[in-house]
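Just the one chain here, the form predicted on its own, laid out as structure tokens.
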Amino acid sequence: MVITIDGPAGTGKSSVAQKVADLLGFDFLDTGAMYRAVALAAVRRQADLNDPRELEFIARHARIEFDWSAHPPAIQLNDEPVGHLLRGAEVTAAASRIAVVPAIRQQLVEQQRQLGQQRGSLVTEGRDQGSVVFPDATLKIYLDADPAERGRRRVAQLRARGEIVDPAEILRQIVERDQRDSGRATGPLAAATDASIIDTTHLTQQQVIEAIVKLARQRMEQS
């Protein structure tokens, strides 16, 4: 059984997906971390982020794997654990450029499908998991929230890490990312036609988790 959780930045996809996976006893796949790992490789090589061919070359030679014995699964880049390096501003900015390169998306989509076949029961989160990567998923969820609320959450997250941030700039970045993700030709941000849409603006994380787990158990009973 594959459960996909898609949505724009700041809707809490990663945290929700991980906890849903824990409650159901499924594996958790953080696809955003895969794009961020390629971005980290590009940053380290001081790549031209406006050159798709250079970025594609870097992605082809980046070996991205997960250590499934860790909780949550720990992403590795060329055998190096890099999860703690993927949330900084530089890698985040680079990831948004990486994500719009069609050849890189195709490469990572293939890897994600392979992981789905290998791991069996999986909760996977991203922006095109239900619409592109796993079109036959048993349950598809699309999380959404007001941009201002998503900006507030992102600011709180960064400040909790000790970073100094400008709320107005964070909101601008979120709106810009939404436009870029929705407008790209390959794997655009969009809710699958058969996805259950949950607006998280006024919901707690626990309420969102409970709603998804309830839907998942209903599907499991039906099957």
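All values derive from a computational prediction rather than experimental measurement. The first residue of the sequence shown is number 1, and the count goes up from there.
FYI, the form predicted together with 2'-deoxycytidine-5'-monophosphate (DC) isn't displayed, but the following is about it.
Trainee: Out of Leu143, Ala99, Leu122, Ile75, which one falls within 4.5 Å of 2'-deoxycytidine-5'-monophosphate (DC) in the model of the complex, going by heavy atoms?
Mentor: The residue from Leu143, Ala99, Leu122, Ile75 that makes the contact is Ala99.
Trainee: Give a yes or no on whether each residue among Arg45, Glu54 and Ile104 has a heavy atom within 4.5 Å of 2'-deoxycytidine-5'-monophosphate (DC) in the model of the complex.
Mentor: Checked in the model of the complex: no contact with 2'-deoxycytidine-5'-monophosphate (DC) for any of the three.
Trainee: Should Arg150 be classed as touching 2'-deoxycytidine-5'-monophosphate (DC) in the model of the complex when contacts are defined as heavy atoms within 4.5 Å?
Mentor: Because no heavy atom of Arg150 falls inside 4.5 Å of 2'-deoxycytidine-5'-monophosphate (DC) in the model of the complex, the answer is no.
Trainee: Does any heavy atom of Leu139 come within 4.5 Å of a heavy atom of 2'-deoxycytidine-5'-monophosphate (DC) in the model of the complex?
Mentor: No, no contact at 4.5 Å.
Trainee: Evaluate Arg87 for contact with 2'-deoxycytidine-5'-monophosphate (DC) in the model of the complex, applying a 4.5 angstroms cut-off between non-hydrogen atoms, and reply yes or no.
Mentor: Result yes; Arg87 sits at the interface with 2'-deoxycytidine-5'-monophosphate (DC) in the model of the complex.
Trainee: Mark Glu65 yes when one of its heavy atoms lies within 4.5 Å of a heavy atom of 2'-deoxycytidine-5'-monophosphate (DC) in the model of the complex, and no otherwise.
Mentor: No, Glu65 is distant from the partner.
Trainee: Tell me, please, which stretch of 191-199, 155-163, 175-183, 55-63 lies within 4.5 angstroms of 2'-deoxycytidine-5'-monophosphate (DC) in the model of the complex when heavy atoms are compared?
Mentor: Result of the contact check: 175-183.
Trainee: Sequence order please: the residues of 120-141 with a heavy atom within 4.5 Å of 2'-deoxycytidine-5'-monophosphate (DC) in the model of the complex.
Mentor: Going through 120-141 in order - heavy atoms within 4.5 Å of 2'-deoxycytidine-5'-monophosphate (DC) in the model of the complex - the hits are Glu125, Gly126, Arg127, Asp128, Gln129.
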